[in-house]
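Here we start with a single chain on its own, the form predicted on its own, put down as structure tokens.
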Amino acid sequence: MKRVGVFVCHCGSNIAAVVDCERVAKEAAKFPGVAFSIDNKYMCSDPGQDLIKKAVEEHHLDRIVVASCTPRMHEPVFRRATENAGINPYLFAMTNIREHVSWIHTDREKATEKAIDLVRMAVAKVLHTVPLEKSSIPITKRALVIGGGIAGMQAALDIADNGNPVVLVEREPTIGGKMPMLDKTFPSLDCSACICTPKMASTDQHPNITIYTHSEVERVDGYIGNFQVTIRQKAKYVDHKICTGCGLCETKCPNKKIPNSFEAGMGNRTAIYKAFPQAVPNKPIIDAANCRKLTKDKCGVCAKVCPTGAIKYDDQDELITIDVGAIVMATGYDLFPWKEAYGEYGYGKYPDVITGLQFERLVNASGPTSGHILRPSDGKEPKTIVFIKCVGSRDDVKGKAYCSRTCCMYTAKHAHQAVDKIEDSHVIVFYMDVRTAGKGYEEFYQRTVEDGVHYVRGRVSKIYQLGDKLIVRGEDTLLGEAVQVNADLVVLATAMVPSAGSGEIAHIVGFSTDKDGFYQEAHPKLRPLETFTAGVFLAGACQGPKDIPDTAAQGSGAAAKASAVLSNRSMETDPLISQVNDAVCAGCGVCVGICPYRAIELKEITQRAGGKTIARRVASINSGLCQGCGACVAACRSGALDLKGFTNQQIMAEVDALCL
């Protein structure tokens, strides 16, 4: 005879303010199979969990139902309490009477009746549960970090310092990300390169870190602890094993007019190049699309002058396969493509309308103007500079709805640098709001105002060229009047957006993105570093806009999560996964395509029928990959698939209980 214990939580006043919890417990005591029922103010507290253990002992319970708040937050706690009481943790059911009842209803009588129905359904379900057991899988003690910016480097270093091998994959020819492009970092105005380049060198020199630059992850198979990763090492056309990085090839290359992405398009480079002087690895690659030898079979100067014979025009892409136990995603960000969206700012046709990243290169001593702020159009020093914030962010119509977080501070930094570097300059900042939510940030902003920067609260409606001036028209919403500025230079604080190709790599690795294309965390508060794919963690701006301190912190956090996985020889897997009835499975393969975690494949089995051995295909579940989402169960045409813990029998028992 099955004996169910029901425990109804008040959740302080979160539930009890709308639901009569005592009545729910009394009604639950009348349900078939219920041997004990009680309400308690805080079931998730230690006394509440002790109540479960005591009730199991006194009333000989063999199944538990808890009616409280969200299972996502508290189900593991109550499963543990059930197990500590001597009951299999999967002979437990939980129903949510907070989010599903008290938080969405105001009528106490109807809310209580609904709560009673939900508890009745949970009891009906738990009566059909069976004990489940966890299994274990081995762990490959190596991590993969995808992305070599500040988040990726921090994660790789922390994992490597814990004694674990790390493979770092970066699609650009050098690690470092965008941080080496910056001049100063707020709020301390430290030299960005002085912080970043030592981190790059440490990453390169660490004995536990293997770096693949100019490479991309092409395929990921397997599951937590046992991922099989295929990396495409793109052709560099330079043998880095024998190249000394002397730079002679770069100086002799005749094609010197290629826009330099490291200079944000404000400078040129050669067809064979290093991204910047401190690049890691500090050796060049050939830009195949712009190399005359590779495109027209002409030139070949770099091969002629190379003292070590490192130039390899016949170089080919190489596929490398590795096994890893955990993956850290650190793919970074790009800038919002404002030219297509904001025609009122000139569609990009005015050379003196630039982005904040381009301004970073202008003000940087290693930039195209050696740190002198000069107008791109004529090389003259601008005296009146306008900064426009929220270009592409906080704009539901043409941009992104979210705040990009860093724009207020990097605009304040740029305004401070303009005032500091240009004598008698006039600096105006158009803003919607000023948001300075970091340590020392508000003080830095106030310092900028004290420097003489004029902040105008309002949007800019139009920018157009008149002679050698840019006419900036906007509105001062505090004064309620139109504003017109004759500017020499306009700097746009463009929003941060997911890096190009980040959606494709998310699909390859096997997790989801949010509505804006950033990587979706498992829970914004409780699991901000994890994805719904076990063993895959998030670091930096790939998860959402972040400044450097938050990016580095999240890199270390993701490293801690990955190291926790790698610290074990094996790990337990959740038994709440799909199962296949081979006798019923038709082998149609619909479930294979619908599984978001790639946990299902078709396998061939043999069976005897009519005196003959027949081979046929059936679905097979990878227990390490399956996350128990149930998509395959709903799609299965033959009814061969079922979900442990949420079987068709259990679901139908809930429906029947509700219809009584």
Partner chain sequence: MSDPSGEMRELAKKLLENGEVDRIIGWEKGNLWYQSPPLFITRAEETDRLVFDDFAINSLVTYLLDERDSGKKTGIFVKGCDSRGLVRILQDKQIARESVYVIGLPCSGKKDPRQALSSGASESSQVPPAAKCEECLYPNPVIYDVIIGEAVEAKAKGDRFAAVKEIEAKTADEKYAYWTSQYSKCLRCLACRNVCPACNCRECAFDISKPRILAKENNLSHNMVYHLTRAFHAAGRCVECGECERVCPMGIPIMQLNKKIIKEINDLFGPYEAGVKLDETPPPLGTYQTSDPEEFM
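Numbering follows the first chain given and starts at 1. Everything quoted here is computed from the prediction, not taken from an experiment.
Heads up, the form predicted together with the partner chain isn't pictured, but that's what we're talking about next.
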* Asked: Hey, of 268-276, 231-239, 172-180, 584-592, which bit sits against the partner chain in the predicted bound form at 4.5 Å between non-hydrogen atoms?
  -> 584-592
* Pick from 51, 38, 44, 602: which has a non-hydrogen atom within 4.5 Å of the partner chain in the predicted bound form? -> 602
* Asked: Are all three of 564, 579 and 598 close to the partner chain in the predicted bound form, meaning a heavy atom of each within 4.5 Å?
  -> no
* Asked: Would residue 17 sit within 4.5 Å of the partner chain in the predicted bound form, counting heavy atoms only?
  -> no
* Does any heavy atom of residue 26 come within 4.5 Å of a heavy atom of the partner chain in the predicted bound form? -> no
* Taking only heavy atoms into account, state which residues of 621-652 are within 4.5 Å of the partner chain in the predicted bound form, ordered by sequence. => 637, 638, 648, 649, 652
* To do: Over in the other structure, so in the predicted bound form, do residue 522 and residue 596 pull closer or drift farther apart at the C-alpha level? The difference is 3 angstroms or more.
  => farther
